[in-house]
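First, one chain by itself in structure tokens, the form predicted on its own.
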Amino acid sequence: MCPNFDVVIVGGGVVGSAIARELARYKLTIAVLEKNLDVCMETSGRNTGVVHGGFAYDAGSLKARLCVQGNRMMGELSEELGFAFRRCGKVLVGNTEAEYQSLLKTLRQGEQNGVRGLRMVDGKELHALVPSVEGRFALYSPDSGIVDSFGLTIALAENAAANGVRYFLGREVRNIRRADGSWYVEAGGGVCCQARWVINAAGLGAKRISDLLGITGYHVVASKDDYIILDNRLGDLVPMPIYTVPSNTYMGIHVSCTTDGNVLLGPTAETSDNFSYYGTEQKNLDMLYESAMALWPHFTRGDYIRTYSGILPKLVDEEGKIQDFKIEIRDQQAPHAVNLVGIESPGLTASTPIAKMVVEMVKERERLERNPAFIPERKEPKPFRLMTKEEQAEAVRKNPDYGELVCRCQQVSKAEILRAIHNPIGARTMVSVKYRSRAMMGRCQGGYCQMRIARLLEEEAHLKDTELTYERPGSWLFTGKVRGEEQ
């Protein structure tokens, strides 16, 4: 027996969760099937967290229009949902006449797209904006910014769940079929859902889901991006993301700040047909070092604290040219199915406008009744590390668990770990706790706190030690005991 929903969304990343939240504004029963054990394990969480201005995309494209809309609404969205966002600006730095002309072209394209405040700055103003940067001039985008990409994705998902959306984590879709006017979606773990509507927001898996819906012929390639995370002692030297002059297909190496004070170097952007390999290659890290050093020579390899990679699903034509977002309903081929393919950058920035567009497409085909009980706000307590001494003392007085620091690097209290474990969507991995609390994100990368978090997960989520996973299905922390129990 398949439970019946009005809408099943395949994919719970930033776009799928934004769609879930927007649909929760209406009287609908909604399910989200996510193959990973949390909602930001792939493209949504593996990026630079830059809120793009919208000048890098072809005039008239969906990428341009939805990016500009998403940029403008990000501040209000962060206030509603309680995730970190800073409109810090961004510079694209150049040195040659050819680069100057390229930036002028980008500026004109940005103006066509409706980007506000774009202007060229000379070397003097560039160094006033970013004293540590090397360059003769730059294109300055004051409306660009940075966002906690984990926080944004989690906030959308948890607010959707609080408004009645059901999340099924670790449930990869295996088959989709249509019968008697309904969709039947079968997923791992024996989950089967019947629905009036299916929405394909599967990101890296969108082509496969599109094929299952009967919409075939798309060609999607993986663009693998390697990054280096630098220690937050360098954070004050990067007040805004620093970019090189972009090419037609690649934005180039960035030196980017984060909402938590670290500095990121990357990405590398290698085309691949592998949608699941997240290893980082030494040759790529060496290239990042050399390229970033030419732009911003203020770090050493001793400042590395971690490397990571992300994968973007790029929709391309027969000649390999990158295409615009594909957001469609094919009423004859796949009625009551919204198909999203090639949602890469700027998908993070554009996630909520994409969701609103999807809702409007559904509303063109049936009447949706508003949900008067919808609550748009998600209140998150201030992180303990950001509280004043007086606020910390008051927090400890009200809840003694604030008085126990589990992660010393990031000053994360036991109270915050417990809140992360008891999240609304039921995520239960070590990384799920990490992304919600910042524990294990410091210089020691969990060397001090990881085992304490594992113990709390066992106690609070009632898990056995052999059931604890780090991030993905099968990433077990323990498979048994090294020695028997002491007698």
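On a predicted model such as this, the values are computed, not experimentally measured, just so you know. We number the residues from 1 along the sequence you see.
Here the subject shifts to the form predicted in complex with a small molecule, a form of this protein not shown in this document.
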Contact flag, I209 vs the small molecule in the predicted complex, heavy atom cut 4.5 Å: yes
The small molecule contact in the predicted complex: T349, any heavy atom under 4.5 Å: yes
Contact flag, R438 vs the small molecule in the predicted complex, heavy atom cut 4.5 Å: no
Contact flag, Y227 vs the small molecule in the predicted complex, heavy atom cut 4.5 Å: yes
Among 386 to 394, 155 to 163, 168 to 176, 105 to 113, the region lying within 4.5 Å of the small molecule in the predicted complex by heavy atom distance: 168 to 176
Contact assignment for the small molecule in the predicted complex, among G82, G135, G205, P142, heavy atom within 4.5 Å: G205
Candidate from R452, R419, R46, R428 lying within 4.5 Å of the small molecule in the predicted complex - any heavy atom: R46
